[in-house]
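To begin, one chain is listed below as structure tokens, in the form predicted alone.
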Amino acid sequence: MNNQITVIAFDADDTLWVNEPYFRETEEKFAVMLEDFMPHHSIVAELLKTEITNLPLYGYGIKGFMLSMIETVLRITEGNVDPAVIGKAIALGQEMLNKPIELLDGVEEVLKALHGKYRLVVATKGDLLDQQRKLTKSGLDHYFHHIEIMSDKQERDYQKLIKHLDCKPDEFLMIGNSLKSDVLPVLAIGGHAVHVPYHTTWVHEHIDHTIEHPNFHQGQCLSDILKLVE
């Protein structure tokens, strides 16, 4: 790997701590709640459709997911629903917001090993308040030089981050579990990226092609990063 790297950025959700399984767990509870109106798989499909449609309005995160659940309830039931069901959908979202932070294996060991040798950054997308809350609860915030909570992860978003950090693209390394959000846009602007897969990834983050690029690296776990940067 390029020995000129000075900044290492980490995605947060499902790279530093558990996130996506909570969405899938809530999705299952939501589908059970509405199974009198529609088959389980159809409810899940309707919720996903609502989420994708609402991304430009609400962005990423639990609060947007809550609003999409409420909208899906109203559409599936054609408005003929006990208000208590809406209350249950809200309660499911609030339950997610109150989940404990479960760090993934090796996270703190990796941050300790890299701290002081590189500028470490969190580059994550989602709701500002929720991501700040999770970072504080994680106990990891003191490792990071900068926290960037992004509304999206497109090329322009990374270019803005790199400009703010006053580094060159080839000095920047991004680590994350999403090929679509954490890898492709960084490679496109001349940076380096490491994909560390997670066993559950939101379908919206999937891509249908392989990546071949000199600046792309594949890890099996976060600790593999240490071998790559040494």
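Numbers for residues come from their place in the sequence shown, where the first is 1. Only a predicted model underlies this, so the values are computations on that prediction, with no experimental measurement involved.
Although not depicted, the form predicted in complex with a further copy of the same chain is the subject of the following passage.
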property	result
Contact residue in the predicted bound form, chosen from 188, 45, 32, 55 - any heavy atom within 4.5 Å of a further copy of the same chain	55
One residue of 66, 179, 167, 38 in contact with a further copy of the same chain, assessed in the predicted bound form (non-hydrogen atom, 4.5 angstroms)	66
Every residue of 86, 98 and 151 near a further copy of the same chain in the predicted bound form, heavy atom within 4.5 Å	yes
Contact label in the predicted bound form: residue 81 to a further copy of the same chain, heavy atom within 4.5 Å	yes
Non-hydrogen atom contact residue 146 with a further copy of the same chain in the predicted bound form at 4.5 angstroms	yes
Contact test in the predicted bound form: residue 115 vs a further copy of the same chain, heavy atoms, 4.5 Å	no
Contact flag, residue 103 vs a further copy of the same chain in the predicted bound form, heavy atom cut 4.5 Å	no
Residues in 95 to 132 close to a further copy of the same chain in the predicted bound form, defined by a heavy atom within 4.5 Å, in order	97, 98, 126, 127, 128, 129, 132
